[in-house]
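What follows is a single chain, given as structure tokens, in the form predicted alone.
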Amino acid sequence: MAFNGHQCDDDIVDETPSKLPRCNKEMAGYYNNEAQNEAPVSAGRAACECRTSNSTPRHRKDSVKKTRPPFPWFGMDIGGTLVKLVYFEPKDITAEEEQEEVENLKSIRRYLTSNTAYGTTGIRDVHLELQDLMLCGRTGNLHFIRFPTHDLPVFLQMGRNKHFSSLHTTLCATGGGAYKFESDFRTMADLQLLKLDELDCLVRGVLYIDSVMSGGPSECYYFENPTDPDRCVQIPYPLENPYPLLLVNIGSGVSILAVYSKNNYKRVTGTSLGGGTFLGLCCLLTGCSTFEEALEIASQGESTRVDKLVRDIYGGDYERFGLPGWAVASSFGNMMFKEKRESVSKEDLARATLVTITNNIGSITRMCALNESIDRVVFVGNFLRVNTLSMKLLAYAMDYWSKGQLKALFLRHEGYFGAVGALLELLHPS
């Protein structure tokens, strides 16, 4: 599929291998912060960039230069709750390029990279930034930006004010909002959206980010001793030979994918009880207004005052049924009694809501893993952002109920993979 006639490299077959071969002691796509400042190579150009300079024809580089899309390079994932935006900031701009660069492009780059907050709700996640990344023959930094979907009109107005449409006319976008807000992009900002499949972008983004993080801090990790505050630690987990894996994307709702190879995956199932459910119920039950506030309130509560546990039903005779007494038998089951309702706090209600949503996701995930005969489960999505409570619950639940056969894995870039996949479609159209 062509993007405004631009194709970075006709010889590129795929830029998201499960793991890239080493070349000259460097991993292709290496995320390098070492003093040598060696330029990392993107996965998509691994085959050609690993050669010596003498074996790379000059005309090949010229061809790449002529056919890659013009700056700026963006990828967007417009979800039901959050808009995720990735922006590639070129750092190898020559003096000639800088002189020719139009003021509109300079203005956008300065605005996005000199701020960590945009208005009252836009955030650039500086800790996730990937530096010295090579994409489509250019070296630069990849920035990760998010803002609530209900503030999308503010983003469109900013694009209009900075004359974004004068630079190029199409944005690669995925998520339900790419369809819902397509006319708004066109009428409010004079921008055309190239709508991309959400699952394609998600898988593509996960595999790519994991590949370029191979030489730096591990993208994938798990929790050891998740229920013991004194002994709980994050352990890096290399996703070498990652297939098959179960990919659980937790956003406003939940989608579960079985991934058998980079080009072979399917949506197994999902549930409407996700991050949007947690926040919506917390707003009703506690009066909070943001996800961060809901999590803070939940961290101070005790869910067992709200939920009915197995031991509450069976007394001391539950072990012969093979059930632990601490397991939840009925979420919010204690709230049917007036005296129980009067004794709980909003913190307890928020914690019980979080536990209910997380346990439901864990239960469905475990059944999918059994049905698909997959023992590796990767959880992603913005529901997990700053949400170690749910991650530890998922880690413990997967391990306990599978008797150690399932390991819950997590990725540092959480909810940005769809946007990364959209950016890759801009640079390497499929």
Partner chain sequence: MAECGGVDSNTSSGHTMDKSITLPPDEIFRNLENAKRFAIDIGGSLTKLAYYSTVQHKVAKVRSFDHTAKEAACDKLYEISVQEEVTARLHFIKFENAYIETCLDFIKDHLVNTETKVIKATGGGAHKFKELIEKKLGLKVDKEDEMTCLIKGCNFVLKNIPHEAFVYAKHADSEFRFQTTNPDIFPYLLVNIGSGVSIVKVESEDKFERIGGSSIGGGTFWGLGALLTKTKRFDELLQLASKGQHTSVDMLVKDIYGGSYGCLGLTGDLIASSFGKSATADKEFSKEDMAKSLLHMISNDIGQLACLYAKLHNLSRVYFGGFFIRGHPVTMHTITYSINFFTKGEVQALFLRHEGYLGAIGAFLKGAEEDNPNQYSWGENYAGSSGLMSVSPEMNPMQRARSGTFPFDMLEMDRLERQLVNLPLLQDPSSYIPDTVDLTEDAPAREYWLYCFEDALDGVVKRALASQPDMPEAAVRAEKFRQKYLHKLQTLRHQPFAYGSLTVRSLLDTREHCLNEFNFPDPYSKIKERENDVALRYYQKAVKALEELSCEDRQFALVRGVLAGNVFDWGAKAVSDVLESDPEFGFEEAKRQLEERPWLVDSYDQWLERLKGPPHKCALFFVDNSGVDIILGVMPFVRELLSRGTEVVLASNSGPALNDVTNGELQILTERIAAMDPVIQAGLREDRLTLVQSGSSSPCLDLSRLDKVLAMVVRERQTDLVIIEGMGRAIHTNYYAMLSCESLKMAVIKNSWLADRLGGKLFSVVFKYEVPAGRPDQDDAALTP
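Note that the coordinates shown come from a computational prediction; the quantities given were computed from them, not determined experimentally. Numbering follows the first chain given and starts at 1.
Below: the form predicted in complex with the partner chain, not depicted.
This chain is displayed alone, yet in the model of the complex one of Gly119, Gly80, Pro153, Pro217 has a heavy atom within 4.5 Å of the partner chain; that residue is Gly80. None of Asn141, Ser289, Asn263, Gln300 but one reaches within 4.5 angstroms of the partner chain in the model of the complex through a heavy atom, and that residue is Ser289. Contact here is defined as any heavy atom lying within 4.5 Å of the partner chain in the model of the complex, and by that definition each of Glu198, Ser330 and Arg341 is a contact residue. Under a 4.5 angstroms non-hydrogen atom cutoff, the partner chain in the model of the complex has Gly280 among its neighbouring residues. In the model of the complex, at least one heavy atom of Gly253 sits within 4.5 Å of a heavy atom of the partner chain.
In the model of the complex, the partner chain lies within 4.5 Å of some heavy atom of Ser272.
Contact annotation: Met335 falls within 4.5 Å of the partner chain in the model of the complex, judged by heavy atom distances. Contact with the partner chain in the model of the complex, defined as any heavy atom within 4.5 Å, is confined among 190-198, 124-132, 154-162, 107-115 to 190-198. Taking a 4.5 Å heavy atom cutoff to the partner chain in the model of the complex, the contacting residues in 171-191 are Gly175, Gly176, Gly177, Tyr179, Lys180.
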